[in-house]
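Okay, so here's just one chain, in structure tokens, the form predicted on its own.
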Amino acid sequence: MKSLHDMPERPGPARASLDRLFELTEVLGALMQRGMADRGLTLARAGVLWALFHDGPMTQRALAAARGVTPRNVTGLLDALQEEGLIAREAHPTDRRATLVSLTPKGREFTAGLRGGRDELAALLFADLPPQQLDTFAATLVLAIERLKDVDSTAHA
């Protein structure tokens, strides 16, 4: 892995870019926290809803794996979401040991509303950017995310 010490000709722009990423993380994180709190959600609960919205019904074990939490942790999240009428749990049709989790109609409507808010924010931030500039920005973010995941997996190996 390269370090800033290996790039003597570009440490200024590299550091400035990382500083902007940290600033973006703080601003976006605060915005997400406020938005979720306004809707009575935690980020963990929102993540569960988002996974079910995008991937459809799944077992509790698969949901725990997808969210990177323990099955015990996902049970607590699901208990709260079920109490709010956003998810339903039922016996798996082919595996008696598994429980299938899905969004209720209320959960689908709620999550679609979250998606609508996200789409509005995307339009606010990017609607006036030329497509080529937005494509370059998105590609750069993908590269940065991949590299950060590599750093994280290397640090935890």
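When you see a residue number, it is the position in the sequence shown, counting from 1. These numbers were taken from a predicted model, which means no experiment stands behind them.
Keep in mind the form predicted together with another copy of the chain is missing from the figure; the text below concerns it.
In the predicted bound form, another copy of the chain lies within 4.5 Å of some heavy atom of residue 119. When another copy of the chain is considered in the predicted bound form, residue 67 lines it closely, a heavy atom lying within 4.5 Å. Though the partner is left out of this view, residue 90 does not reach within 4.5 Å of another copy of the chain in the predicted bound form, counting heavy atoms only. In the predicted bound form, residue 53 stays away from another copy of the chain, with no heavy atom inside 4.5 Å. Residue-level contacts in the predicted bound form: of 98, 44, 32, 112, one residue has a heavy atom within 4.5 Å of another copy of the chain, and it is 32. Residues from 15 to 33 that approach another copy of the chain in the predicted bound form with a non-hydrogen atom closer than or equal to 4.5 Å are 15, 17, 18, 19, 20, 21, 22, 23, 24, 25, 26, 27, 28, 31, 32, in the order they occur in the chain.
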